[in-house]
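Each of the two blocks below gives one form of the same protein chain as structure tokens; they are labelled structure 1 and structure 2.
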Structure 1
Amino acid sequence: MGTIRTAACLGIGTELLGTDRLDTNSLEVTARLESLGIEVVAKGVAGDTVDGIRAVLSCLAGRADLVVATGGLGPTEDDVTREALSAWAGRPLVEDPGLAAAIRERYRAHGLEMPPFAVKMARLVDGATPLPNPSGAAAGMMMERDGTVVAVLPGVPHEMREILDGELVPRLSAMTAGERVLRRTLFLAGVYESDVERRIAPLYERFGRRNVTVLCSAGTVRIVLRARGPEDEARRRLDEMEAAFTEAVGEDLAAVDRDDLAGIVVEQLVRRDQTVATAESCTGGLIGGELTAVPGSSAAFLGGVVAYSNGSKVRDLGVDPGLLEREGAVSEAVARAMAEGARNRFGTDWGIGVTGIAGPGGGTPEKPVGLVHWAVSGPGGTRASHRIFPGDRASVRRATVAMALDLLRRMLGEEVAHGG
């Protein structure tokens, strides 16, 4: 076999040709191939028919050094990927005694006799290499024809992943040109995209525009750094890039290679044995929802009030009714009072308060749809911020959650820095 530089992904399954499912396996396959320096140049999807699979496979095999196919390896009648591969290769299917024994053993371990149809899963295209499946009966296989390598994996995502990482990647690794593509992601929150772009733009030329991707979504920015070359060299390059970009973005950097703001905040709170409570209006409970998505968050999160009405803001959070009247419910003063009210009511070290107009209705010329005020109250005092977010109700709310959690993250960071 020659050196593998290009690849194509093939998703197999009639359900992938309907209106609600996409070939998500191909994303994971692509990530692994890219890390090996193999470029994905095409993708295809075929239904569960021998002719269809064979035709799409032929096309893709003509375009790339490697085709990675997933799906259609189960025991039922509509799984015909093996037959299609056999037809494409012009070689018969033969039973692999090792696979047959392993399948029989799997059934026995569950106290079952192997049903006759299951033996199908022990069949390989003659001459193919089996790719054993540690957590399922359907093994994958790998073969070659006319200079193209074809690997087939089961479609069940966790089985696909295990065989990909445990069997396929190590084998492919020896067949590439030795280059790797490594990635690292800087995660930022509480920033304007344009501001981030302005600060990192001078670095583009130094590291190459195509090695930096900036992805934005509701209140957060991801800077994906990429380096290609022999593994050690790529890693060194990535370290260099990380250092340069980290310096450019400063304290806006929330994390590297993770993007769970709530997890970051909960970890910091637990580490210093501190607690937090929330007072939410326009987010309606989503900040509490995010914090409690973190396993073990009960050590740091004591609770919150969803104060969706003015009555609740006064009664449950102790917001001054006169303040509400003077400033309006959506105001910095009320956000501050809510954060402090949550802190007092729950007796926590930190309180988060959020109030805004998520839309689509409720805006005025002075307070337009998208205006949100948030505040965090802590041992060193209360800090507030606000922004007019673009987008629909859902994105205004998502962005607000990120902003409020990020303000807490920053204040926790400063406490460490100052308290040292």
Structure 2
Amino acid sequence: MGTIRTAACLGIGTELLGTDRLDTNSLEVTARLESLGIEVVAKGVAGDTVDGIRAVLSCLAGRADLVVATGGLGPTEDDVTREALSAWAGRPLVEDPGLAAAIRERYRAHGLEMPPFAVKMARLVDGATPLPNPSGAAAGMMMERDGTVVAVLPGVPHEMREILDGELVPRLSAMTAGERVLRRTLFLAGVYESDVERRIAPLYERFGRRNVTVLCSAGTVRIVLRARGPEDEARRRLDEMEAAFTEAVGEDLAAVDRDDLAGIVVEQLVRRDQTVATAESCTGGLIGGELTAVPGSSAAFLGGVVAYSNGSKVRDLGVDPGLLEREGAVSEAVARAMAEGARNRFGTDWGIGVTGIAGPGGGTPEKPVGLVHWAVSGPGGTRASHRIFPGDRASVRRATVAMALDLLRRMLGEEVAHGG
């Protein structure tokens, strides 16, 4: 078996082609392989048919030095991974006496007689190396054909992990080029993908476009940086990339290798011994929910008001009825008043206020669906912003939460920078 630099993952199981089961095994396999410097270049899923598995395996084997497949090694009729691997390799299945004895003993230890069909779990492709399963009856196997190494593991997650860590990773570690694949994620908030792309595009030529991945979500962007090589060299390269990209994105950078915006805000508040309260309309308590999901947030978050109606805005937050009549509930002035009202009601250092039209109805030409105003009131005054968010109701609300928390993050940072 030669040096392994690239790999592909194959999830096997008809259930993975439906809507209620995800191929999570490939995520763990990918993490282990990257720690060995093996780059995952493709992933596939196949149903429980010999022809289907064989076809996807053939496709993946043509793209990578290694294919790691999971699933289809049980004793039932639809477990046909062995048969598919046999067909792909052009070699017969043969019974391994040691595996057969271990399976028989496993049944006996549970007070059961091994049923005749269970013996299929002791069959390996001729010439394959067994990968013992300490937690189950179905062993994995490892083999090579035409320069491609194929390893097949059970689909049961805890069994897969035990064989992966105890058997496969140690074998693969001796077959790598001695390199590592390292990643670092820059988490940006309050910004959009197109703006980020404009600023970081000049760096692609320097570091290689394939070593940078940009992932966007509602109100946040993640820049995943990748470096490959001997570990010290890869780490130095990654440090160089981080410095360059950090300079390009500036104050939009919220954190490195984490993406919990609420947690970042809570940490800033606790560090400064400050508190926050919320006043939410269109988000219906989602901002408070994000904050209280953070362990230890009780030291910083004192409470919130879901002021969905104008009456609640007046009664619970002290918003001027005349202001509501003049400006309308969805306006910068009302968002400011809500933030200040939350701060006053709870006696906090900071207050957040949001009001908008999340949709799908309720919009007008002047104030369309997706228009949201948010404001943050603090020791240095009140700041507000607004945007017309695209997408459905859930997307608008998620983006609003991110933008409001990010405005607080930025204002907290400015307080620190100015010695507040």
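Here, rigid core means the biggest group of C-alpha atoms that superpose within 1.5 Å across both forms. Each residue is numbered by where it sits in the sequence of structure 1, with counting from 1. All of these numbers come straight from a predicted model, not from anything done at the bench.
Comparing the two isolated copies of the chain, the second one is the form predicted on its own. When the larger rigid part is held fixed by C-alpha fitting, the smaller one turns through 31 degrees between structure 1 and structure 2. Its Cα shifted by 6.7 Å, residue 153 is compared between structure 1 and structure 2 on a rigid core fit.
Here the two forms are laid over each other by their core, and the C-alpha of residue 39 is off by 3.1 Å between structure 1 and structure 2.
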